[in-house]
Structure formats: C-alpha cells, structure tokens
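You are given structure tokens for the same protein chain in two forms, set apart as structure 1 and structure 2.
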Structure 1
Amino acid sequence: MNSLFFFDSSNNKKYFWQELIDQIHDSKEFNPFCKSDDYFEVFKQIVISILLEEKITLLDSDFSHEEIFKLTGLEDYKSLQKGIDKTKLKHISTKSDLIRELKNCSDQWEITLYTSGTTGLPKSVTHKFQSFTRYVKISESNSNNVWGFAYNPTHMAGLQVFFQALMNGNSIIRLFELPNDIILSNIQEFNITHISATPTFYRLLDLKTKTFPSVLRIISGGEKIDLNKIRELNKAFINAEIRNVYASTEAGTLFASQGDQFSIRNELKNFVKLVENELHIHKSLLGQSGFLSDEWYASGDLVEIINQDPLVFKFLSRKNEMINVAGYKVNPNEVEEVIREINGVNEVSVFAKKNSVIGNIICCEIVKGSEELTEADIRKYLQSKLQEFKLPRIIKFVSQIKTTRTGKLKRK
C-alpha cells in the first residue's frame, strides 16, 4: 500500500511516499541552497541531496535578499542549479529502497543551517548525517508512528523530527504555525502518535477539555518548561510519555528527562561542564562553525545545580534574556510562571523595556481566556508572589503572543 508521507493542511495537500520517489526521479536540477515555504519541497531537496551525496544549505523562507547576501556572500544563489546524475537514483523504486539508500549515506554529505538569529545575524552550523541520526531509533516497533511536525523545517529541532520519521518510514503531519482548531483536529484525524514541540507551542494549545488517546509520546524542547505545563499535558495526552529534552542548533539533542531536572549520562560527563552556572559543551559534540574557536562552547543557557555528583540541574533561562533592573537580575521565565498561575491567563510573554533611571523595566503581554480578568487582579496576585523589582511595570492584553521563526516566545 502506498502510505502517506506528509500532509500539509495549510494547502490541504497530501504527499505519498511513492509521490516523493517519483518527484525525486523527475527532478532535473539540484541547487545546493534551498529556500522555500513549502515543507514538502524542503524535505524533498534534503532527500535528493543525500542520495546525490551533495552538500546542502537550508535558508529560512523569510530570509531577505540582503540577509542571504550577508550570510552567504552570494548575490544570486538561484544561479547555482546543476544537473542531476540519475544513475545515483536508479536503484530506488520503492519506499524500502529509499530508506535503504538513505542508511548508506556518504560520510561526505553535509547540511548547513542557521541559528535562530534572535540576537543578531544568524550564524551557520554544518552537520553531517550522523549528527541528525545519533539518537534516531530505527525498529519495527517504530514503523507505524505518525509524527506531528511542530517546528520550522529548516532548523535543528525540525530536522531531527524529520530524520526520525524518515528513517522509520513514518507519516508526518504538519502542525507548525497553524490555528489551534486545525492542530487539534489533525491530531485526532490522523491518529498522531508522537509530537515534538517547544513549550510555547503546547502552551498556546487549548487542551483544557480535550484528550488525545492516540498520542504515545510528547517531547518538549528549546525552552524551559514548568511542572504545571507537564501536568496539563499529562491530562490531555492520557497515554503519552512526556519527555523534556535539551537540544541546540550547535549540538543537536544532548539530554532528556521526564520532568524539569536533567542528569548527565556517563558517556557525556566529560563533555559537559558548568562555568558560573552556564552550560559549556565540548567542541567534539558540536557541528562545524566559524564562530566556534575554543575547545568549549558557552551555550548561553543558565542552570540551577540540584546535585553535584552525579550532576543534576534544571534550566533557568537564556543568559541574554536575563533582565537587569536597577542592578538586580530578573529571570523572565520565573515571572511568566507566576503569571500563568492566575486563573484566566492563557499565555504570557515577559520582556524588558529600556529605562533611563533603572536600566530596564519589566513589561508583559498577556493573552487572557476570561474577560473578567483585569490588570488590577494581576497586580494584586503578583504583589504577594514576587519581589518588588520583579513586578511588571507595564501590563498589556493582546490577542496573541509573538513567536520566533523557531516557535519560541519572542521577547522584545
């Protein structure tokens, strides 16, 4: 039977595995730079590059011409089209043939992607096939999985989901950047079994009165997740194991836990260290990049140590997200977690605004689920929960929270 490869409800298109194979054979040219807002096209170009043993660079679909020039030095990357050697594809006629050839991927194949660019111009990181398949579990028990795709397809997290699904011949259902009702209906209609997404993605879903028994695993990563959200996910995804992972564009997935506390596996203990509570990762675990010049990479992630030996910690915040208020450091995640405890708050984003007297003031935007909730209610609750310097000076109600191109909270 010709099984489903990918469904994109943004254009209501279904692509089957045989269609993927046929389009690969019909392709006449290949460009080592891929920029498209069509998820299937991105997936197809990645597969073609592997089969042809050609290096590929993924560009975000919203990169401007100026950004691409700054990143690549190319005035016209589209002119780099080259013909395809069809002899490298002649052994592929079925889904099994395709997966077999992918497993024999050349050590020379490389894929370059860019960091999210939330703090300046994105930086390139190059990975080999092994980087993405390091934690891919290929087995008969995984052959019937259906993956909810809740990431940008040109970034590390999305690519890791793609390769996990690809190598097991699974179906992929797009969930990223879709309305809440479409996401929930897709989970039910396609009996999605696995979802990997940011905590922001899960927080923006209305899960209060719904359950999804088909889902067997929920993976959260890319941001700090709080225990209240984990408990809410357990209620909605009643048959699912909840996993919290740490991953980055530079290193891929490194740690996983079933709560908010991470422990270092024995095989990684000599490749991870903490310097002033900031996580540092040894360069041997990283992809290739021009901005990694030291033996150790400072990740920018601040952690709280729970136990020294063995090392157990939980993530607090990104270092560059900490807000300086009159000499005090404020963790926006901490403030957000307290605000989310208030009945009627659906989602919140806390950020800084420059102030000539105290350096910064705390601001927040809130999506409320109850018209009865007022700014006075929020201030009254927070005064009993937070120190004075952590209290938001500006509270604004909004219809939706802005997110980055990788699906995380966008802090202004």
Structure 2
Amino acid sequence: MNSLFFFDSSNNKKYFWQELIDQIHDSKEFNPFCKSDDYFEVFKQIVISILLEEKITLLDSDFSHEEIFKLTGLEDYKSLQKGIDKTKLKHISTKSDLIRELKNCSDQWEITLYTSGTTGLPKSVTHKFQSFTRYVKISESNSNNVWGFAYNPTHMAGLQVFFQALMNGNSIIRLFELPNDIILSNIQEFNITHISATPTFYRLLDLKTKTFPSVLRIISGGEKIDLNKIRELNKAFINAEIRNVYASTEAGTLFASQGDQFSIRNELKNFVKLVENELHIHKSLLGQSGFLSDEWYASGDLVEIINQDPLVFKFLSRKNEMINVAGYKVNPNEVEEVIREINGVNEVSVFAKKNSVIGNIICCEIVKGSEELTEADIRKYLQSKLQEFKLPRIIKFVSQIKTTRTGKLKRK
C-alpha cells in the first residue's frame, strides 16, 4: 500500500513512503551536516544517515554562517559532502523493509543538535539511537496514527514526534508556521489523530468554535500551559486526551501529566531526584554533551512537591537565567555578548518580560557611547548574527543600567 509519509502545505508537496524510499535510492551524496528549510529534506537526511550508519549533525535552517562557524569550527560544512555506499541501501524496497532497517540501527549512529547553553554559546548534545527513541512506542495500535507536526524539525521536540511517526510508519502533516485556516483544514482533511506542540502554538490557534473529532491526543510541552486554554482545547478536540509533557534537549521526553501535576514512572524513579527543589536527572538518561561531567544533571527547573512517595510535583520556574520564548530557550548572556560587539554600545542588559502570547518576550536596555547609534543599526546588526527568536523585540536606550550589590548586571 502506498501510504502518505509527509505533506507540507507551504510548498504543497505530498510525499508517499514509496517516494521517500525512491529518493533514498537516488541520493548520490551524503553530508554529515544537515541544514535545510525544507522539512522533507531534513527527514530524508536523518533516515539516510541511519541507514548508512553515519553520524549526523542538525543545524537550524536560520543559523547564520557566523553562528555555524562558532558552533562547529567549520568554514564550509558543505565541503564535507561525500559519496554514498549503495550496498547498505539495497535491501530496502518497501515501507516495512525501511522500518525494519531503521530498527536495526547500529550503535555507531549518532545525532547531534544544538541547544542554548547556560553560559554564552549554544552547546551541542549528541544522542544515540537507543537514548533518542527510548520513548518511541511502536505498536500495531499506533500504525494508523496521523501526526500534526508543529515543531521545528531540527529541535528535540520535533525529532521526537518525527521518530514516533517514522517508526510506526505513520503519516506526518506539517502544521508549523502555517496560516490558521490551513492548519484547521489540514487537521480535517488528513484526519489528524495526534498533535504535539508548544502552548504558544495552541494559544495562537483560533479554533473558530469548530470541532475536530479525528484528534485523539493533544500533547503540549516546552512551557506552562494555562488552564483556560486546556478548557478551550477540550471543547474543540472532543475526542482527545490532553497531555502535558516535560522534555529537554538533553533528555528528551521524561514525564507526562494530565493537568499540571507530574509524576515519575516507576522505571525512572531512581534516575530523577530533587536537590533543594531543583530537578536533577541522572546522566544515563541524557545524551552526550561536552560540559557534562557530573553523574547528575541539574536541570535548572524548580518544582513544588505535591507528594513525596510516589513523587508528584509541579513546575514552578527556572533557576538559571534561561528565558523561555515560545518554547525556545534563550540565554540572555549570549544575546548580550553579541550586542556588546556593536560599536557605540557601552553597556547592555538583556532580560525577559512576561508575555501573554509567547510566554516571555526578550527586552534589552542599552547605554550608548555614541549619539549616532540608532535602534535600527542595532536591529540590523543583530539580524545577521542571531536567530530570530533570540532577538530583543523591545530595545530601550537608558542613561544607566542598575547593577546589583555584587556588581553583576541585574536581571529584572
């Protein structure tokens, strides 16, 4: 049966599983660095990397040349392209062949992605197939699922949805960064059964008092979701169970909750602990990252304990300075560093302001050393250096930035 693999309404392209397989066979070269704004291309490259047992690094499609150089040390990652050894692909002619080969993924395979580091630059996190697909549930009952894809394909959450759909041979329908009416018509036309997205995505979804009976599961993650929105989602997705998940780039999905209270599954019990109300995760649950040397990883998430044993808790806030913008983590230090490079900037402070649309909005205050420096100059400079979601949306010139007693810049 030739079933649908992926539909992208931004370019109106439909790819069937057979086409994915044909394109894999037609590929002549492979690049261990993948950067594309075409979702299908990213998906295809990941699949090819697994089949070839080659490591792959995903770069966000909006990374600038400079960002890539800073992150990877590579002037020209495109030159790493190499020929493909076709013998590894010859056993694949059907969808079930492909899934079987993927399941046999070698221990050599690794996927690397970038996440905002807690100091300065983004850091890389590398996962093996086993750790990456730990929460992928493969079963006959999942085989007819149709996934609404509402994340960036090069980020952890998007990849988890992709693997869940891929390993079960499902169809994936793009919903991310599309007009509202197209999102709604895609859900209806393709009878989408599962949607996983950030609260920002759901907040901006105008459901127009319609109902979507095909949807069986709504998953929300990456930020706190408000109860009002949950109520509204319940009305539109009349047959859906609504789940809230906690996930991080370092660990992938860890816990799920049905309201705002999270509990830990029994098998994970010994891999999670709380230290002064901060969630710590054991390193065996994490991908490899250069900076990680301790046995336990301090997540920076502060929780409130509802019940000790079994452990039930609620997420309260972040301990570190990371700002959550629509589910993307932004490190204010990284943004400040780039602003400081601008001629005429004497001092800068980047901070978050609560926002009803995207959770937090990035603001900055700047003390200028030159009268000639304008807001437009700053925006123009930053646009070429930082990804869109990291850019300060509100820029204010001030005569002085208040510092704390220790001389550190104060975060508001």
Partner chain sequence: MNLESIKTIINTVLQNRGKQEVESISESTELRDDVGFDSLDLAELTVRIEAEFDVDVFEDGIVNTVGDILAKLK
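No experiment lies behind these values; they were computed from the predicted model shown. So that the term is clear: the rigid core is the largest set of C-alpha atoms that superpose within 1.5 Å between two forms. The first residue in the sequence of structure 1 is number 1, and each one after it adds one.
The form predicted together with its partner chain is represented by structure 2; structure 1 is the other form. Residue 385 shows a C-alpha shift of 2 Å or greater between the two structures [criterion: core-superposed Cα displacement of 2 Å]. Relative to the superposed rigid core, the position of the CA of residue 371 differs between the two structures by 2 Å or more. Remark: with the core as the superposition reference, the CA shift of residue 271 between the two structures reaches 2 Å or more.
For residue 305, the CA shift between the two structures after superposing the rigid core equals 2.7 Å. Superposed on the rigid core, the forms differ at residue 351: its CA is offset by 7.3 Å between the two structures.
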